[in-house]
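Encoded as structure tokens, the following chain is the form predicted alone, with no partner shown.
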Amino acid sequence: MSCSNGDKILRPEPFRIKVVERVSLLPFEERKRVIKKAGFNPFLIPSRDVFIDLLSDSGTCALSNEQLSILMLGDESFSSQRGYFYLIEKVKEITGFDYVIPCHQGRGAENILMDMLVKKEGLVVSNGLFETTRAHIEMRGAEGIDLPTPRIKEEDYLFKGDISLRKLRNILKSAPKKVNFILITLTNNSQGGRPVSLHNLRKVREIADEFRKPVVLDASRFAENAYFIYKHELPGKSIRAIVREMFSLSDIFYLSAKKNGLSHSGAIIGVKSRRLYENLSSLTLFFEGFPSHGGLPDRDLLLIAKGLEEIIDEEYLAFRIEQVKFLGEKLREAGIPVLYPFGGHAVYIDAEKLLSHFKNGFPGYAFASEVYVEGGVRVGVFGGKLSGGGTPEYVRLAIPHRVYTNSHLLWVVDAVKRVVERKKEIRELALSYSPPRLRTFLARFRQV
């Protein structure tokens, strides 16, 4: 962003703050006690003890004045409420899909879809499966396979969320009957939140048609993905038009409204087939609630519809992507190994590279614990041996929508830098508890 004399300046927040929530920083010794009690897993730290929370961008957004206003219009009837029809209208306008099913959150949508689409001993191929998605697939006796782009190591290549077209074709050729469907995640959370190119999506559609396989989008961060395409691949096309084309290249989509829906709860499934819609509606009624609400109050359906409209605003998306880049560049300038180019919702620190002297693993949890002790900052840990995805262990700094200013992020940068300065003093961790599934979120550790 440039001012009138041509000098580049940091883009300010494209909103005014009307309501604030007080937060406070616990004393240093108290923070040490908190992280030990949480088993050195940041997911288990009570939120009341957190000063700045970058654990996730999911359901952590600030609501706009228009979203808060629309909450009062909820029609809390048992079925076929007013908000449902408003949601259908808005989803159809943005995505082009006629058949829409709301659910209480993304995992509920995954549960229903995987129950319908995943076959025992089958394969689901993807550009990168999130950990809950992989767990849903494995619970049904199938296998999820990640096929990241082979250009993932080229630093200047932006669309590192792409799927490897060569590997995709090879799997479909060698085991066409075993592959249940192709799942593309927008943006690719397990590969640093980096985007998928429209070129890659178009090629996936061609290959899927050739082998008669459905394409499913996990579109939870669709708007951020579209903005990267708008800026770097198709600058002459509007964000709305790019969004519409992305969705047109799929047969089914689902999204957690807690991300790019700018809401605190909810999810959406979209399908093109009337028959599939009716089958999914029966499962929704069984697992989630009546198909017109999926277990959500009507006011939340209105909230989601409004959030989907607000997220595709070009000015807001420009600020959003630049804020992530601002945080990433500050860490990169300090010599901290971050995944680059940066994605749309978070900055990822390669903990295995940063703490290369660790012998027993879990460098991400050890580093995240120290960042909390240093600055009261909670961050997430993904990948590594607990995830089953074959990626290194990353510390993820996810930025909630419309919550923190850049001065908050400077505090985060200072806390991370201070921990890095004493990285040789960080103690390794050993598992003290590990659940059978989704270990990333519930595992507990002890210092060695």
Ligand code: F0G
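Residue numbers run from 1 along the displayed sequence. Since the structure is predicted, the reported quantities are computational estimates derived from the model, not experimental observations.
Keep in mind the form predicted in complex with this ligand is missing from the figure; the text below concerns it.
In the predicted complex, none of the heavy atoms of N180 sits within 4.5 Å of a heavy atom of this ligand. The closest heavy atom approach of T95 to this ligand in the predicted complex falls outside 4.5 Å. K160 falls outside the set of residues with a heavy atom inside 4.5 Å of this ligand in the predicted complex. A residue is said to contact a partner when one of its heavy atoms sits within 4.5 Å of a partner heavy atom; E110 meets this definition for this ligand in the predicted complex.
Remark: of stretches 111-119, 124-132, 192-200, 222-230, the one touching this ligand in the predicted complex is 124-132 (heavy atom within 4.5 Å).
Proximity of S263, K306 and E310 to this ligand in the predicted complex is absent: no residue of the three has a non-hydrogen atom within 4.5 angstroms.
Checking S164, Q81, S281, Q105 for any heavy atom within 4.5 Å of this ligand in the predicted complex turns up a single hit: Q105. For the options H293, K258, R320, R378, the one in contact with this ligand in the predicted complex, meaning a heavy atom within 4.5 Å, is K258. The single residue of 359-383 lying near this ligand in the predicted complex is F382, the criterion being any heavy atom within 4.5 Å.
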